[in-house]
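Consider the single chain below, provided in structure tokens and representing the form predicted on its own.
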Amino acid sequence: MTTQLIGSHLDYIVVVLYFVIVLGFGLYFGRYTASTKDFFFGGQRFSWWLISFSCVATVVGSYSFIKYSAAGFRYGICSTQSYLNDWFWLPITVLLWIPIIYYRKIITIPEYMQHRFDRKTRIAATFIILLYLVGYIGINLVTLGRTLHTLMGWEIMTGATVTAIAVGAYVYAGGQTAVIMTDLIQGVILLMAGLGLFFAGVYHLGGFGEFWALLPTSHKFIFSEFNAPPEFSFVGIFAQDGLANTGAFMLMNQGIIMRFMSLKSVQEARKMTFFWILVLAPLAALAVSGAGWVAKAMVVKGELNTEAGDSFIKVAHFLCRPGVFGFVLAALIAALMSTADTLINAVSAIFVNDVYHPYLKPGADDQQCLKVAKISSLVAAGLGLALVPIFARDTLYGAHAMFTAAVTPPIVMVILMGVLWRRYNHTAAFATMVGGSALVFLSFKWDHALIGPLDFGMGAGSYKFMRALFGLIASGVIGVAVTFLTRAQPLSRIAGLVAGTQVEAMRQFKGGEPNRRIGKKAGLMVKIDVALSEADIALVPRAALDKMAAESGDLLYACHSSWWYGGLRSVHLKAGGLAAEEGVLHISPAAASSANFSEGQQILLEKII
């Protein structure tokens, strides 16, 4: 049986060109990857605005356009509530979690578990998080396979394989830098396409007033009813997405942790998080849902005949000219690829840092670890591909909801209590993780007895959502009970890893007392000084130090004077002695090579607090 293609030959030329351009773009940035720090964190060099768009591409992944357009068609404006319930995680993220992982130079979530708790908690976390990430890769590849089947008639496995090869190739070549730069392009594309499609639909309908009048009254509320319908109620969405999934995304998703750590400083990470959650996330909510709202209005007007699940494709095909429709399809594929690449890179980070280096080859040098990181990224893509036939048996929505609700709650509670509560100890953390996971899996067998009391009268139709709430509560109760039955860890053991000890983390990061005075950026010219034997030491003019409110030994960040590089051409340095010439920064040849600076390069220098 053949599948009828949607769109013209020009549209599919645009889609194929998109694949080729993104693959080439990702492979190009392999030139910036010379160490594991580059492969996992892009050299910790990037600016907040660039990572914000990259994060949006990661968030608007998997089946976002299809799923939320369908929800918008069925339920109306409230389809955005999954994207608009992240704000209450902001204080924990920007004030506590980001400073802890950045200043303590945490590479992976399991590593934090060992520093904060003990080795057995790290091992348990490694197993659970790898399961979560590899499963998530499988879900994304199934989504891509189904999308390409609908658009191009390919078998699901064929589409998933082509995508796995393309994404695996540029992650292998460029690591986090390739992921960030390709996701930047993909983030811009998907926002342009989604928002453009929505506004084109409103214009076609005669303006916002006409569009709004065509929507049924039930579609005009920003939130759904508290406990209705069971499959899309406010309390269900809040429990699943607002608490468990967003908590997991902010605290335990290794891909997002690597985004935080790829920024040049904690201050940049805070700017990025605010801009991402308060500005770009609402735009993304509009971009992924808008086609469903327009489709509903067009159905009411009698211009379109579609089911909810096809609303995005049908509206795009109706409104767009040949070639433009191809651009929209490219945005759909961008949304899918930009999540898969992040997850593949995250799996390689955890395998190298939590399996290979500590247990398989403790003495491995950085170049050996980089080679293993590249190979493990290909293996991660292969494992995700192997799961495609399993996940293809269920609906994408069902597979995603069931999988994340079963895996994420215990680790979210361990991290949350570990960050907020000094009394919380290693015994309680291990019990929370293992006991909470066991109870969540038992809830699949005894769902009515365990989840039923938390369904708020919605019945079994809500269990896939409310299982997340059950997991959070069950894990929290275990953690609190075991904490009070056991001894606390000494504060000296957990300094810099828990709320209230961030200054100690700053001391450890700098290797001395932090200089928290506020200064300004200094414009300087680069001089490559072969006499500097230490790669990260720089000689800085006195006037520049005074302008930055910096002292000898402070951490500095030098970047190209053109802002649009976004930190791609930059390097971290440490203030050494004084430069003899005013306006000239002396750096080592290794630092110049890392930043792609040339002799006489105009740069901006700032102090990192």
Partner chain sequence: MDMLRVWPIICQFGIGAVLCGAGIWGGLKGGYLNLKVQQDRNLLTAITVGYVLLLITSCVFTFFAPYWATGGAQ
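Residue numbers count along the first chain shown, from 1. Model, not experiment: these values are computed from the prediction.
Separately, the form predicted together with its partner chain exists; it is not shown, and the next lines address it.
For its partner chain in the predicted complex, the listed stretch (475-483, 94-102, 169-177, 324-332) containing residues with heavy atoms inside 4.5 Å is 94-102. Note on the partner interface in the predicted complex: the residue among L84, L304, I156, L454 having a heavy atom within 4.5 angstroms of its partner chain is L84. Only one of L283, V202, V300, L439 lies close to its partner chain in the predicted complex, with a heavy atom inside 4.5 Å, and it is V300. Contact between Q502 and its partner chain in the predicted complex is found at the 4.5 Å heavy atom cutoff. Proximity of W212 to its partner chain in the predicted complex falls within the 4.5 Å heavy atom cutoff. In the predicted complex, at least one heavy atom of R516 sits within 4.5 Å of its partner chain. Interface residue remark: S224 is counted as part of the site for its partner chain in the predicted complex, having a heavy atom within 4.5 Å.
Each of L243, F274 and R422 comes within 4.5 Å of its partner chain in the predicted complex, counting any heavy atom.
Contacts of stretch 428-451 with its partner chain in the predicted complex, defined by any heavy atom lying within 4.5 Å, are made by none of its residues.
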